[in-house]
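A single chain, nothing else alongside it, follows as structure tokens in the form predicted alone.
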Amino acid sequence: MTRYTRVRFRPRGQFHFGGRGVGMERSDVWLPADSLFSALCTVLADQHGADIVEELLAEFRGARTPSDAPFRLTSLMPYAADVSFLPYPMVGPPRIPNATDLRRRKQFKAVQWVSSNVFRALARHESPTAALENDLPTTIHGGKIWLTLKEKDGLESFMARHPETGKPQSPVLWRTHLRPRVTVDRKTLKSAVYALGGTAFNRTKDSSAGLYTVVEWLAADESVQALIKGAFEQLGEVGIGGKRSSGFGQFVPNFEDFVNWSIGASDGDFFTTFSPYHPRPNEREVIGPEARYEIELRRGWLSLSGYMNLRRASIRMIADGSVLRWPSTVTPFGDLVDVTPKTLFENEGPTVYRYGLVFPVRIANAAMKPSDQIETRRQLDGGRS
């Protein structure tokens, strides 16, 4: 029985994932799950009509527990060859000797992505010895990616060379480029030059880097699974992200089905999320004591048939990688949030939703405790924090 499907996006060109602000220069290396879900709904509507999207959204809105929803998915995250990366959970430095040393803490703090092996060790409170060198994390990409030494050696084909000396450097999995672009005013014919940021993933003769998401099938039957997989294939043709009309965002999807995704702890009072999370009113307990989280503002624009450049209502969501407390009475779920633009609401147009379902992974209680040295210092200080 298929429980999970990992969808790898093998890039056919660059991506433009814009961030906050009005400039076009920035391009991120990942895409939140709510944007991915919106893109899937758009291609479903183009392929099969708006009614099938309304039916799918109604199943999400009518679900009372996670098992009632058709599926949930993670944000788009990077991979390279056989190594998949996940957001560094907010558990702090691992419990290793000298972890409280300021220099070491700074190096752990700079990490943004960890390999699945490192994540598993952190979530289960296991010592990531295979990913340490002299008590420091084994990293690439300027300290932003933490992985094991074996995984680093396996990415040798992505090794870059210094442009002047030719000496090998650490593996480079992606680069952000700036492209000069020009726009011409139709009336005055005046031109204006601007720069456009694009994220290009590296590729070698035998392997490539790219993006992936994991879909967990909940109440979806085989017909719904086939429908969503078809939407991924169509999305690869039309592209995802910004500047699709210029050829950005196209990819070839590759599907990998599996039954279990053993990535977190078996039990624990905490969890992290691999997708932006909008808790339901009865899930407020997730931001209880010891929770470590970041709130991000989600907003954007959309265009529908008969409507162009509408600003969606802004909402705040809990960011990927946050560590939250598992509620005592309910299972973390999240919901779809009504972000219908004012113009659509006044004209009785379709309702627009933003995806806010959580993708929870358990974190062991021990992983949330301070390091031995901090604990010892507290004991010596008589329990003062």
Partner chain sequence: MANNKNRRSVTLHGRVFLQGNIKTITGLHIGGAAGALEIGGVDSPIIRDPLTNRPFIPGSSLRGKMRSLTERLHGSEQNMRIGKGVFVHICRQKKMSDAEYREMYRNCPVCSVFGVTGDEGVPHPTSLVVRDVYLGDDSAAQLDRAQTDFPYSEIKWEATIDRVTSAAVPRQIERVPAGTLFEGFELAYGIYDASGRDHFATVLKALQLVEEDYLGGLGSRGGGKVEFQITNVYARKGTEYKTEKFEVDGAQPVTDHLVTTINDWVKQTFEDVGD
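Residue numbers count along the first chain shown, from 1. Here the rigid core means the biggest group of C-alpha atoms that line up within 1.5 Å when the two forms are laid on top of each other. Computed from a prediction, not measured in an experiment: that's the story for all the values here.
Omitted from view is the form predicted in complex with its partner chain, to which the following refers.
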| property | result |
| --- | --- |
| Contact label in the model of the complex: Asp46 to its partner chain, heavy atom within 4.5 Å | yes |
| Its partner chain contact at Ala69 in the model of the complex, heavy atom, 4.5 Å | no |
| Distance check, Gly166 to its partner chain in the model of the complex, heavy atom within 4.5 Å | yes |
| Proximity of Val224 to its partner chain in the model of the complex, heavy atoms at 4.5 Å | no |
| In the model of the complex, the residue from Arg299, Lys106, His177, Lys150 that sits within 4.5 Å of its partner chain by heavy atoms | His177 |
| Heavy atom within 4.5 Å of its partner chain in the model of the complex - residue from Asp267, Asp82, Asp185, Glu256 | Asp185 |
| Interface stretch in the model of the complex with its partner chain - options 284-292, 106-114, 241-249, 84-92, non-hydrogen atom within 4.5 Å | 241-249 |
| Those residues of 189-206 which, in the model of the complex, come within 4.5 Å of its partner chain by heavy atom | Leu189, Lys190, Ser191, Ala192, Ala200, Phe201, Asn202 |
| Cα displacement of Gln169 between this form and the one not shown reaching 2 Å, rigid core superposed | yes |
